Every structure is written in structure tokens, then in C-alpha cells.
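Here you'll find one protein chain in two forms, each presented separately as C-alpha cells under the names structure 1 and structure 2.
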Structure 1
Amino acid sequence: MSNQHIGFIGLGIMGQPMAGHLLDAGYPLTVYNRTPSKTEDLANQGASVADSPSQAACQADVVITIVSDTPDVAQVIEGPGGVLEGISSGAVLIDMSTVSPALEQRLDGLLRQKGASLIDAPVSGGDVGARNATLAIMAGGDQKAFERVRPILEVMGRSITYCGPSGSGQLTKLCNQILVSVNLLAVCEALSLASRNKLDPMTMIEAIQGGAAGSWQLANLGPKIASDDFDPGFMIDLMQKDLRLVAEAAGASNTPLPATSLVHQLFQSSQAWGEGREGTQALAKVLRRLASG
């Protein structure tokens, strides 16, 4: 059993199984979630439950946060009862949310004033990767702090990459979201063409996925689109949040992203149709509506 005590904040679709892997690996764990009922399963498995982010951090050697958006991260870290009030000198905070790189750089400065370190370490792989501990984790921040927490990250992910100084993990994740979203649009277009020409979509997927056009999106979301399964592994609303962060970074660096801008607008159409809480594969519905005239 590891003697590093971990405070874990955020027990949503991703956080719940990630925290469970740490508990299974023998790490002493204190959990906090804004909705207390989401802590019950982990408490039954032996985790302690905190009343605030500050309490989750106060005895932790490592604190992990994974919440929905930039304001949520700011709130749980620097808000009243936040991590900054409880974190100890020498501790490491790993933020695994997908948020603004600029926020991570600012929080890094605040944590340094407390003698603590920040690693921004967003993830890719969705709920499947979280459940199977096969996430891709891209990390930024102090490299010595990163090496110290690498064994913890390896419990939750399969691919662990140090990307550079503070904010680099978030910038890498934004590049990831460009590739994911634009590739998903290509999958939706291919399935649309197949269906409208009476080609069995599953046959098309089987024929293509082992070749140069194969991708995670095609192999995992293609069959869901073909079977009208739009349950969320990763919601459109969350992808749109990420694409807004991409747009902000692109604007700040004067980087044109025409394909990303298009898919961002198409997802906005999904939201206008009330589909924001469906899986990102519901993008296929937008193409169906366009094809139906």
C-alpha cells in the first residue's frame, strides 16, 4: 500500500472510476463532491469523505481535481473552502479537468506561494478509458513534481506524457479535441454517404477501420451512430466547452482553424435542437437533418 494520501475532488462520469482505481491500488483516499450522494460508493469501499475541497486537501500529499469547466476549477481551488486554504507545503495538485491554459498558469503561481506544485494533466479516452484505466494523460508543470506523481497517473492511464511547463498539458488537450471533433465529423459524413446509398454502415466500418482511414472515433462511435445509440460517453455540451477554449487559444495566437470552426457551429446546431447532453456522436443527427432538406 502506498503511503501517499490522495485527496480527490470531482466524482462525475470520469472521476468516479478514476478514484476507484486509486483506491484499488492501495492509496489512502479522501474524496469530495459537490453532490454528496456521489461519494457513497467510494465511502463503502473505504474512502474517507470530506465536507469541502479544503478538507480533502489538508492531509493530502497529492490532490486531484477533475471538474467540468474553468470557473469550476477556479472555485474548488481558490474559492471559499477551496484547496488553497487546506493544501500543505510540498503537496502536489494535479488538475485533470480540461480548462483554460491561462487559468492553470495563474493557479500555478498561487500554489507556488503556498510551497505546493501544480500539474495540469487533462485526459482523453472518455468514460471507457476512465473505467478501464486506459486514459491518455497529457501533463504540464514542474517536471520534478510530474515525475513524483507519475506512478499515480499510471494507475489511471496507459499513455502518460510530459508536455512542458505549466499550461502545456491543457494546450495539448486542446489539440486533441481538434483532432477528435474534426475526425468525428468525417465519420458522420462517411456514414451519411453510406446510408443514403443503401450501403450497410456496419459493413463499411468493418471494411475501413483496419486501413488508413481507421480511427478511435470510427471504431467506437461509428457503430453507435449506425445503431442510433446517442447515450453520452462524452457530452456535446462538454465538447462545446472544450472547443470554446480552442477558439480562445486560437484567437490569442492568431491561428486559423477553419475545420474546427465548422464542427463547432454544427455542434451548436445540436445544442439548439436540445441535444447538448447527448453523446458527441449525435453530431450525425445534424447531417441527417441537412440531408433531409
Structure 2
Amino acid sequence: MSNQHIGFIGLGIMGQPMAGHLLDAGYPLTVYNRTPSKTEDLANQGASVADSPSQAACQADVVITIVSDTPDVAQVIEGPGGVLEGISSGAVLIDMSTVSPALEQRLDGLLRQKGASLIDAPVSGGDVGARNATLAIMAGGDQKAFERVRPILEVMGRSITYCGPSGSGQLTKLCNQILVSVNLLAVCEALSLASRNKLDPMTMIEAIQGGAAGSWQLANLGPKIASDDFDPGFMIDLMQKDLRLVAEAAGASNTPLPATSLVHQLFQSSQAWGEGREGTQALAKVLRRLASG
């Protein structure tokens, strides 16, 4: 399996360690990054370096892209020198970026015309999950193509789920972001009521987190809010990008999402106050501003 050649495009905070795991697992790897200096570490570990996405794709059995946003994905795949120009018939492109399901469905059509396949496979678990290879990976697309690349996904993540046809991985990721952000707003509101009534926040959290009120957000971000720790695990600016994708998918399917829309608007206050690069738990500051003049 490990003599499948992999082209890897996008060596940011996520892509860099993910590509490293593939090298460690013995896959021949050709990497591309818009800022070339980020390829150096992997080149020193044995990766080849390409000058364009097309070049990274042309000898690959499997191409992986993980870039920041919808225009970046369109650029590295459809743009001049993009993956579509180089990818072979029979190859599989795995897009691990978080982008709109609609974009993936359109790209899926373009790849089929080349005889290739697209798997949309966004991740959750953040940079820690990328470094420790404990990501959750949510995949959509042709199921046979998914099964062919599953061993590669297993090198980078711990929980790999096939979710359905093209776009289903992205849709699952958007459901994840709805839950993450609305659960966080619940935590912020509970802590706001507590603190304004002089209830010790940690005692409150410990009293209730084992029951029906429990959540990952309460257990992990509640104590950070209680101690005014707003360092980023996941930045507000990135969450807002994802919530715009949620709004787009919700709009396209006529799905009213009142609480998700509310949290998206409240995060806009974080951005207005210059807090977009803080962790999502800085949403607590918005409620504090609402509550004291």
C-alpha cells in the first residue's frame, strides 16, 4: 500500500504535521506550498518539492489538498497550474479543507471528467489532532474510492467515517461546527448567569458536567473562561469562516438555524472588538459586554 505516490498540497499548521505522518508511514511524497519555505522541513525528511499543484499531482496516485478557504481550494484545483491540469485518470483527490458542500459537488463533476475521483474529507481536532494523528475525518464521495484511500486517512486520524455521497463530509463538518458553537454559547450564558449572581463558576461546572448538561465545550472551555484564558485553541476568525459556510448551506437548503445564526452574529462583536484571533471561548467577553455598561 505504501508505494502509492502521494501529492500533498497545503503545508499550514494542519498540513505540515499530516504530511509528516505520511512520510513516516513510508509513502513517497511530493509536496507543494504557496510559500515555498514551508516545504523545507519535509524536503529534509525525504519529500520531493513541486513548483505547482499540477506538478505535485502529475505522478500521484492520491492527491491531498488542505488549504484555508473556498477560493484557495478553487485556485489550487481549478486555477492555472492547478491539480486538474496534472491529475491522472484513476487517481483520487482528497480535499481535507473545510469548504462548501456545493463546491465539492461541482469539483467532483470536473474530476470525473478526467477519470479521477474526489473525496471530501474535512477534519476536526485542530492542530493538536494533526500533530498527534488523532483527527476525526468525515468523508464524502464515491465509496469505492473512499475505501481505496482509507489506509491513508488512517495514518492521519483516529476516527474515520464515511458519511455518504459527494459533499457529505463537508455537511457533517458543518453539523459539527453548529454543535461546537451553539454549545459554547450555552456555556457562556450559564457562566454569565453564575458570575453575575456570585456563584463560583468552577463549583457550578463540577456540579453539573456529569449529567444532562454535560458537553466537551463545558468541560474544556468552561474552566478557561472561568480563569480568563482566551488563548486560541481554535480562533474566532476561523469559526466565523465555517459559520459562513453553514449559513450558505442552510440558505441553499432553506433550513432556518436560529441559534447558529445568533452565535454567528455575536462572534461578529468579537471581531468588531479586535478579538478575532482569540480562542472561540472569548465569546464569553461578548456576553460580559452585553451585561455591564
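Between two forms, the rigid core is the largest collection of C-alphas that superpose within 1.5 Å. When a residue number appears, read it as a position in the sequence of structure 1, where counting begins at 1. Because the structure is a prediction, the values reported are computed rather than measured.
Annotation: structure 2 represents the form predicted together with another copy of the chain, while structure 1 represents the other form. Structural comment: of the residues Leu107, Leu29, Thr172, Val246, the hinge joining the rigid parts that turn between the two structures is found at Thr172. The smaller of the two rigid parts, set against the larger, turns by 12° between the two structures. In this core superposition, Asn197 moves its Cα by 6.5 Å between the two structures.
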